[in-house]
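Starting off, we have a lone chain in the form predicted on its own, written out as structure tokens.
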């Protein structure tokens, strides 16, 4: 059995400008805009939702399979992921396009100029899941995360056709997708991940009520930021798990991906939904305390200790045998 994580693979190029963009902009001349800014630093970070989730799973001792499309410039990133235990043999390498890239400059007021280049991500629609399953074994779950929209639909349809349990995680694509596409991505999912705002957006765009969504998915997992997570399902009582206390938050980017990693790891260990949410919240805490989505480190003993502090010895007792044995 295996976990297939399909979604975006990207690098983030982050720059800082010490002044204010507004000082260089003339409102009456914005139609003739042509300016440049001397930046103070360049920070290149590994990212993309699928890459982040796979990294988190590997940190917890699993070997997830990364499913996505990247460019020939993926070499260093690939080496990083493989060194940390991620299976990258099913990543499609484009012959013509670079790996997706986010380029952002932030000024002293936190105003930003940013661009996103999808690049090789657009070729995710050419990836078939069946050959991957033949190589690594029948998937426990296929997570279909934000990616090329046509690729997301294709992966979801193949999961239905082949009987693979899939997890719908449309995330950033909800803002751009129409109702028909979102209904296609959600219908029949074993799990649906979203934050609270996205859960309302799903209802609005699909035209389905919250109850109608639960008629189409097994379990909905709704992250609530600093308030933790809520889990609802057709055949279970609502579960609410608080976030880890006493977190020194630095940067929220990638926190949702880390939560998904922890939740999926616990599902793979066949633990309860409450335990899955607790593991996810602890992993998310490590990410929010760092700049960068894959910069955190811990030993498994440290992770269990933090889980104990946040959720008690009973939670740790359930997780410890799986984590320390990996």
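Residue numbers count along the first chain shown, from 1. Please read these numbers as outputs of a predicted model, since none were measured by experiment.
Only in words, not in the display: the form predicted in complex with a small molecule, which the text now covers.
- Heavy atoms of no residue among 151, 174 and 181 are located within 4.5 Å of the small molecule in the predicted bound form.
- Heavy atoms within 4.5 Å of the small molecule in the predicted bound form map, among the stretches 205-213, 220-228, 88-96, 134-142, onto 220-228 alone.
- Taking the partner from elsewhere, residue 243 is found to have a heavy atom lying within 4.5 Å of the small molecule in the predicted bound form.
- Although the partner is absent from this view, residue 254 contacts the small molecule in the predicted bound form, with a non-hydrogen atom inside 4.5 angstroms.
- The shortest heavy atom separation between residue 67 and the small molecule in the predicted bound form exceeds 4.5 Å.
- Shown alone here, residue 239 lies farther than 4.5 Å from the small molecule in the predicted bound form, counting heavy atoms only.
- With the partner removed from view, the residue among 114, 126, 130, 249 that has a non-hydrogen atom within 4.5 Å of the small molecule in the predicted bound form turns out to be 249.
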